[in-house]
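Given as structure tokens, the chain that follows is alone and in the form predicted alone.
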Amino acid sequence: MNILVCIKQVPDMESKFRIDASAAWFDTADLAWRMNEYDEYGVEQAVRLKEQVAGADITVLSIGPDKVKETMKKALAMGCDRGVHITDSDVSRRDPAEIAGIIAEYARDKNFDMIFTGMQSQDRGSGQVGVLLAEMLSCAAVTTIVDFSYREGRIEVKRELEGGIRASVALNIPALVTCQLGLNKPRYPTLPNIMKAKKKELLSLPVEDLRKLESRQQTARIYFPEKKGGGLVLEGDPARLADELIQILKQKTSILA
């Protein structure tokens, strides 16, 4: 089985963010970086599938500048067999269709049986790349999966819907799934596997060789939400608070006018 797992390097969400001079993205100078959390579940599920299917092989792919190789090494240490780094210093400026097009151009002739992506990235959060990639490769796709099983060329998944409802879906491979939090418990790379990862193939390809689509949208501006007045906390005897609340509603709203 030929497996592809797509990952993205994103800023640690505990970092202190500042908007850059262009006002179209954040300043990356002092940020800590990590694998997109949703993608970690994709890597783990790909490795579990490899452990189940004899002879399965996993390629991990990421787009970005040279620093993304450090994140890719974690995926290799988790159990992926090789890495494909598409070098692109302007990846943050590309829209979901362009990103999916780059991946599709690489994957088109590789005959991948299963493709795993995160449900969305933690920085942009579009949730579009996975489904666009499936469309471009003409393969079936299921989004936001929280359970996965494979048997004899067929996968069965459960996907998360609104209101805590789950849907069971079965489909034949080739297929693509986007992974939701809680799908599994991603493993920590062991020291021996970290050392082995250093010897695994990590191929770099220039984005210019794979970029066939132009961006269809541009980010005009990003900004922090405006600060608004804080809420009012009432404390004390419930009966007195009820009267106080009624007076506030009369003064500040038209609800009890």
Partner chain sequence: MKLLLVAEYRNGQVLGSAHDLMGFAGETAAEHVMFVVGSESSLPLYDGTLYLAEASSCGEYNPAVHKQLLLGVIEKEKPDLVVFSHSSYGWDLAPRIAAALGCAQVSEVVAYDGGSLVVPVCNGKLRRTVEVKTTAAVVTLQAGAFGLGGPLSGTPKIVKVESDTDGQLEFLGYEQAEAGGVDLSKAEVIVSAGRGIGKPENIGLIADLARALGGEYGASRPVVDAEWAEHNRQVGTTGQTVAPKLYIACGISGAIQHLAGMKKSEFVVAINTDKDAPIGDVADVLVIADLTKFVPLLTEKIEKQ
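The term rigid core refers to the most C-alpha atoms you can superpose between the two forms while keeping them within 1.5 Å. What you see is a predicted model, and the numbers here were worked out from it, not measured in a lab. Residue numbers count along the first chain shown, from 1.
Here the subject shifts to the form predicted in complex with the partner chain, a form of this protein not shown in this document.
*Quick one: does I222 come within 4.5 Å of the partner chain in the predicted complex, counting heavy atoms only?*
Yes.
*Is there a heavy atom of R151 lying 4.5 Å or less from a heavy atom of the partner chain in the predicted complex?*
Judged by the heavy-atom cut-off of 4.5 Å, R151 is well away from the partner chain in the predicted complex.
*May I ask you to state whether K212 is within 4.5 Å of the partner chain in the predicted complex, using heavy atom distances?*
Flag for K212 set to no.
*Does any heavy atom of R82 come within 4.5 Å of a heavy atom of the partner chain in the predicted complex?*
Contact check for R82: no, nothing within 4.5 Å of the partner chain in the predicted complex.
*Each of Q122, R159 and S168 near the partner chain in the predicted complex, meaning some heavy atom within 4.5 Å?*
Each of the three qualifies.
*After a core superposition, would you say R18 shifts its C-alpha by at least 2 Å between the shown form and the other one?*
It does not, since the R18 C-alpha is displaced less than 2 Å between the shown form and the other one after the core fit.
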